[in-house]
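Heads up, the chain below is alone and in the form predicted on its own; it's given as structure tokens.
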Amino acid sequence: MIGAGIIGLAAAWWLQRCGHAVVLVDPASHGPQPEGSGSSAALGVLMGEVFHRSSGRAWQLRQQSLQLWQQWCAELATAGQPVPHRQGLLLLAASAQEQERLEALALNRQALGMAMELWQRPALEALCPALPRGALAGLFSPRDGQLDPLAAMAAFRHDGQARGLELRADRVAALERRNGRWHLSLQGGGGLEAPWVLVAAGLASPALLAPLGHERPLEPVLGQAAELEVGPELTTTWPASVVWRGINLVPRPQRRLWLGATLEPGLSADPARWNALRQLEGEAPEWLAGACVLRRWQGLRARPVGRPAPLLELLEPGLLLLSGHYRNGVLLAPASAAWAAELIATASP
């Protein structure tokens, strides 16, 4: 396994649970991931059932992942590695057009037997602290939610090591297939040999694959986020995390709030984007405008160029690609891991 972000750790942990011996190679394999990585910067919002489609590969992956996260969190807790996981997601409408879309989405999901609740403005105004001023309606999805990505990665790592997961703090310099097996040359010297190699190295994946003739370009999309502390007079009655114009507001313990994230091309953060995020594009309620910023961070998400996200592919015998998850790495980690495990169980390298 190459890559110790949320995808690589989830896949390594699950493959191990399926009976495979796994070696995970990453300069930060022992954790945490370096500042600016996509997994470390994620807020862990799980948007599965409120996804705008209700069929196709992306929809199926989301539904599978929601189910697996429930199962995995229970298993990790039993193993003494609990992952904070709060179910429920409140998606807000900022315009009449968005309100119509939420109403149609609620009807569609209810027809599929999913418990969706459409909340009108009076119900939103009763919540504390106040929601963004322009919120017209909300769609509450009880099965979606949010979990702590850093805690999840640590849980996979620690439980995996307890079960024999081998971590190599190194970088893979090259891949080569010889005599039906894969040989990995390590930057620090030496190498590894295995029948299967899983590449889950995010933005570093294309450089490993290009010499083998597999062109899978990925582009970085930067996201800024922050942790805020709100006043002691505010008691949160929100039922869950809130999504407003693509911005996530995630309640945290001890009067904290995660706020994020922006969508910015390239590698450099735009101060204007941060200001827009901080003010919720001009709709921030007074309590949020006055909250204290405790820390800020940014991360790079890997978005496929010319292909839908994510990239889950058998490139050649024994070589799997799990990358390009863009904004849904945390959500889709379990389904990606399950895809890899099933393919390995049924295919011959």
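The first residue of the sequence shown is number 1, and the count goes up from there. Just so we're clear, the structure is a prediction, and the values are computed from it rather than from any experiment.
Just so it is clear, the following notes concern the form predicted together with a small molecule, a form of the same protein that is not shown.
Residue in contact with the small molecule in the predicted bound form (any heavy atom within 4.5 Å), chosen from R245, R86, R171, R216: R171. Interface residue among L66, L315, L288, L300 relative to the small molecule in the predicted bound form, by the heavy atom within 4.5 Å criterion: L300. The closest heavy atom approach of G329 to the small molecule in the predicted bound form falls within 4.5 Å. In the predicted bound form, the small molecule sits within 4.5 Å of a heavy atom belonging to G44.
Residue contact with the small molecule in the predicted bound form: V22 places no heavy atom within 4.5 Å of it.
Not displayed here, the small molecule is kept clear of G160 by more than 4.5 Å at the level of heavy atoms in the predicted bound form. Here the chain stands alone, but in the predicted bound form its contact with the small molecule, taken as any heavy atom within 4.5 Å, falls in 197-205 among 273-281, 197-205, 112-120, 98-106. Contact here is defined as any heavy atom lying within 4.5 Å of the small molecule in the predicted bound form, and by that definition not a single one of G48, A58 and G138 is a contact residue.
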